[in-house]
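One chain comes next, on its own, written out as structure tokens in the form predicted on its own.
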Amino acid sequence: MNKKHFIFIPVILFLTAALFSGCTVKKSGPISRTGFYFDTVISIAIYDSENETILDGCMKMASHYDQLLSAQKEGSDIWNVNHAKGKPVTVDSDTADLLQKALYYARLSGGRFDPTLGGVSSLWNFNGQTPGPVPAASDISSALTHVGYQNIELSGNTVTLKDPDTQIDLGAIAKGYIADQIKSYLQKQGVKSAIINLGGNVLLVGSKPDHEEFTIGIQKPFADNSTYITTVSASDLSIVSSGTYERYFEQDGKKYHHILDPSTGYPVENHLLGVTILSKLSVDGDGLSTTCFVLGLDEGMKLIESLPDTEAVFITDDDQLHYSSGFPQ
């Protein structure tokens, strides 16, 4: 749902859930399933059950949310709002909940995170084998006039765009919300050990079957997909990254990545290569990873230190790691 000319790295690999240390599981190992949703490859692995129908349920949920929340799929809630020409639209309660969360992070960041960036982001192509080129400056300027989270009016399950040309895109936060819903489903099915990986948004259900923590590798920016810059050992936690190395293209010797600045319409330039957030809820990790990337190292770290039960590591363009005070090292 989020939107590299010459270079393309599948987003599924920028944050890899890896079981580096051995653990005792049933002889057949985990059951798992992969699929393509939200413009990326997703995977679910369950370590304490052999019930394949649970995985069927996970994929059905992924398909449901893909159809519900994608700005590109005709008939989705977001598509309907974007094409209502300013008229009120009744949406699903999940859509309303996610919009509420997106608006929370928009306010928290002073608009540096903005769910109405859809008109701008649609001008950029970071997908496929031939991404690019850089959009015309005039087109970006025109689209920016319709960006502003204040244009979203949310009342219960009714959404109205005060500016009929405003375009909502929840790609920067939707996968986190969906991961949380899948985790809740798994827990209701009695699953206590699983890894949910929605294109790099990793959400852990419990711990390994032997009660040891999972170990998650965070990819070194622009390195081979199996090269980790650091690892995190955790259980029952969300680990979400945003980085310049996820989706980008090169034009005239310059890299253009997919994290756009709502104030300029161009990729953020602040010496950051990536941000990884640890949090209980994946929707928070998703929202914060983009928010903190756009805010930059100093402001982003200040925000993280003000939030309970939330940690982060920032990667700067000199390949240095900057950890929040409570980050598990």
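Note that residue numbering follows the sequence shown and begins at 1. Predicted model, so just to flag it, every value in this text is computed and none were measured.
Separately, the form predicted in complex with a small molecule exists; it is not shown, and the next lines address it.
K.L.:
With the partner left out of view, is Leu260 within 4.5 angstroms of the small molecule in the predicted bound form by any non-hydrogen atom?
P.N.:
Contact check for Leu260: yes, within 4.5 Å of the small molecule in the predicted bound form.
K.L.:
Please check if Ala62 has a heavy atom lying within 4.5 Å of any heavy atom of the small molecule in the predicted bound form.
P.N.:
Close contact is absent here: in the predicted bound form, Ala62 is far from the small molecule, nothing within 4.5 Å, heavy atoms only.
K.L.:
In the predicted bound form, is there a heavy atom of the small molecule that lies within 4.5 Å of any heavy atom of Gly171, even though the partner is absent here?
P.N.:
Flag for Gly171 set to yes.
K.L.:
Is Ile46 one of the residues lying within 4.5 Å of the small molecule in the predicted bound form, judged by heavy atom distances?
P.N.:
No, Ile46 stays farther than 4.5 Å from the small molecule in the predicted bound form.
K.L.:
Pick the stretch from 281 to 289, 299 to 307, 34 to 42, 54 to 62 whose residues have a heavy atom within 4.5 Å of the small molecule in the predicted bound form.
P.N.:
Among the listed stretches, the partner-contacting one is 281 to 289.
K.L.:
Identify, from the list Lys183, Lys101, Arg112, Lys208, the residue with a heavy atom within 4.5 Å of the small molecule in the predicted bound form.
P.N.:
That would be Arg112.
K.L.:
Of the options Val191, Val91, Ile195, Leu117, which one has a non-hydrogen atom that comes within 4.5 Å of the small molecule in the predicted bound form?
P.N.:
If I apply the 4.5 Å criterion carefully, the residue I get is Leu117.
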